[in-house]
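Only one chain comes next, encoded as structure tokens, the form predicted alone.
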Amino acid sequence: MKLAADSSTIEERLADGLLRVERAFDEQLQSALPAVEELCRHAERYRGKLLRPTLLLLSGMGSAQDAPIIDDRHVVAAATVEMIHMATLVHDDVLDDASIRRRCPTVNALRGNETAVILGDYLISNAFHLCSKVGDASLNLRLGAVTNALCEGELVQLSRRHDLSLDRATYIQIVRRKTAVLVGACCEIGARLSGAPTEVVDACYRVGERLGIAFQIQDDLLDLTGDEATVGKSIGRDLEKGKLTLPTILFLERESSKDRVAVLRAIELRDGAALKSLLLASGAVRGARDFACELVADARKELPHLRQPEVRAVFETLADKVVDRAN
């Protein structure tokens, strides 16, 4: 017999599940070596909204045929994906020379790039050690493929730095690999661990992938238009590191006037204020945000595949917050 669960109950179960995820995460990263333990505790400050674990747990509950529950496999998988994500943040801060993350000094700012690189590697190593506790080799293989794609995305992005010919399709390919594949896998894995049929698992992946692309576009917009106090991390790094993001790409695709010359000049001079002003005035920032909103709308169209309507309601609210956020 199917058990009813209203949205408040779903939110309570989700909150409890996330507490279990944090405990699993913290237990995995405990070290008897004080120097390592101190770094791990600092890295835990990188933990933000827990978007990826949240999506995994919601997909698991939403795909359940009977009562929407969160079992230990969901918890371990959710802690694993958050650890992988945290490793990418530590490495990203090295690549971007970032000094602030979650309103705290980055590991590289505190201890240097060498320590940050090894800590990121340590997080990845612990993630796969933790994942093995699920006892499902296919999960390790899937997450291995995901981490390969994350690295490929970063390598392609690095190869296209300072490339003013970067087009929209290549930008989306980079974002899909460096961000969206992990978000998509979170939704996919949550559904699969709940025994969902293939069509539901595939739909969940599409939800996560589209939300992941939208999330990264919004992140890029915040790097361009936000302020460090609100965003909580170093901003202006994309321009400083020669990474073209969607607003600039949209502008360069359609403009051939003197404003184009001004934008190219702002990029050359690393003048973030001028670039922001030009892209806002041209509508390119709005165009990028509209594209992100379209992706969220497409993701929402897949949500009827979830079996639990109460979970769908929570999922829809979360989807909207992907672009309606200031940090």
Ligand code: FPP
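Note that residue numbering follows the sequence shown and begins at 1. This structure is a prediction, so every number in the text was calculated from the model and none was measured.
What follows is about the form predicted in complex with the named molecule, which we do not show.
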Heavy atom within 4.5 Å of the named molecule in the model of the complex - the one residue of N126, T88, N108, S194 that qualifies: T88
Could you work out which of C131, L224, I249, L150 is the residue within 4.5 angstroms of the named molecule in the model of the complex, going by heavy atoms? L150
Please determine whether D136 contacts the named molecule in the model of the complex, using a 4.5 Å cut-off between heavy atoms. no
Could you confirm whether E240 comes within 4.5 Å of the named molecule in the model of the complex, counting heavy atoms only? no
Closest heavy atom of K233 to the named molecule in the model of the complex, within 4.5 Å or not? yes
Taking the named molecule as it sits in the model of the complex, is L166 near enough to touch it, meaning that at least one heavy atom pair lies within 4.5 angstroms? no
Please tell me whether the candidate spot formed by R210, D290 and D320 is one where all three residues come within 4.5 Å of the named molecule in the model of the complex (heavy atoms). no
Note: the named molecule not shown here; in the model of the complex, the stretch from 69-77, 108-116, 95-103, 199-207 having heavy atoms within 4.5 Å of it is 95-103
Judged by heavy atom distances of 4.5 Å or less, which residues of 198-235 approach the named molecule in the model of the complex? Q216, D219, D220, K233
